[in-house]
Ligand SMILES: NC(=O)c1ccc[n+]([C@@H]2O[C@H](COP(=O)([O-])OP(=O)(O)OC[C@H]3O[C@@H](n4cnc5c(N)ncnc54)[C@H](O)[C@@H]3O)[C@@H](O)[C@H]2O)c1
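The data below hold one chain only, encoded as structure tokens and taken in the form predicted alone.
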Amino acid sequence: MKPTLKRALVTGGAGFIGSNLALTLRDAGTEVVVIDDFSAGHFKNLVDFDGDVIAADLVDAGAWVDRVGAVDAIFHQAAITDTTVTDQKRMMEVNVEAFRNLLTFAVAGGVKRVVYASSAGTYGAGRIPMKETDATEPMNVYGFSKKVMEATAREFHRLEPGLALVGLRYFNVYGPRESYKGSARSMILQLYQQMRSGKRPRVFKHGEQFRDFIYVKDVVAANLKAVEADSSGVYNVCTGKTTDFNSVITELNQVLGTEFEPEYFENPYSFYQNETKGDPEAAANGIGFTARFSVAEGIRDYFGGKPELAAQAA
């Protein structure tokens, strides 16, 4: 990150990615302000954080706009991330209208750089590998909300060309501080928790669905690269490689020293993405980001030899 940001706002800072990002920025010497409504985030993700924390819903601009103060950059991570949520109005309010409020705040405050979380969910069941130039065909309202966020960002940039807006289409993120996400936590953590408790890992038939899993430390790195960008754009945050659920179970068995066989069951969701794989080329060329961790390396960094993480994830 160059030069060091003096002061930054992280929305959703008590959540999974937001807390990792806030702590990394803090450690780099940036004064960090966190906003979170604590509907999905948890204070325990911020017990090591000593900056300002504003408890507010971004949808209610009056509750936070006058509290934030001047910032150099905004990292927008706040969202409903549970893809099984079907309340369309609430999803659009939290993911789109709150973003609109945030961009209005950025323009009024002279903020020149905004990095925001989009999603591979915008692609839907698109062709593999998924490229930023492909058509977006979301399969659920979550993916649709992220597609609308990207359109909102383009319109704000058109009206305010001095505002650099970089959207990051996260693929399947896993890592420390995700345990409070409930049903939206990664399959890697869900399978780990089942196996650590002595149960066979349950996956949809026949465990051959694959994901482009990306470690949260790589996602934080992508955000720090994106905030340096002088122009706007949308980029995949992915590894460009795939791992099926059976392979994840194999890796977890090695970490745990177990020999669990998968328990397969029918998939009840019609809007489920069976396959995700991103094309990492645009991010490498556009913002200089390339993922560092393989899935095996990420799982070992996450769980291997780290009792505190194992305890949190249990």
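Start at 1 with the first residue shown and count on from there. Keep in mind that this is a model prediction, so the values were computed, not measured.
There is also a form predicted in complex with the ligand; it is not shown, and the following applies to it.
- The stretch that touches the ligand in the predicted complex, counting heavy atoms within 4.5 Å, is 172 to 180, out of 67 to 75, 225 to 233, 172 to 180, 156 to 164.
- For residue 196, no non-hydrogen atom is located within 4.5 Å of the ligand in the predicted complex, even though that partner is not displayed.
- Taking non-hydrogen atoms only, residue 14 approaches the ligand to within 4.5 angstroms in the predicted complex.
- Among residues of the shown chain, residue 94 is one whose heavy atoms approach the ligand to within 4.5 Å in the predicted complex.
- In the predicted complex, at least one heavy atom of residue 57 sits within 4.5 Å of a heavy atom of the ligand.
- Using a 4.5 angstroms heavy atom cutoff to the ligand in the predicted complex, none of 150, 276 and 278 count as contacting.
- Interface residue among 267, 250, 39, 258, judged by heavy atoms within 4.5 Å of the ligand in the predicted complex: 39.
- In summary, among the residues 90, 112, 241, 200, the only one with a non-hydrogen atom within 4.5 Å of the ligand in the predicted complex is 90.
- Of all the residues from 107 to 121, those having a non-hydrogen atom no more than 4.5 Å from the ligand in the predicted complex are 117, 118, 119.
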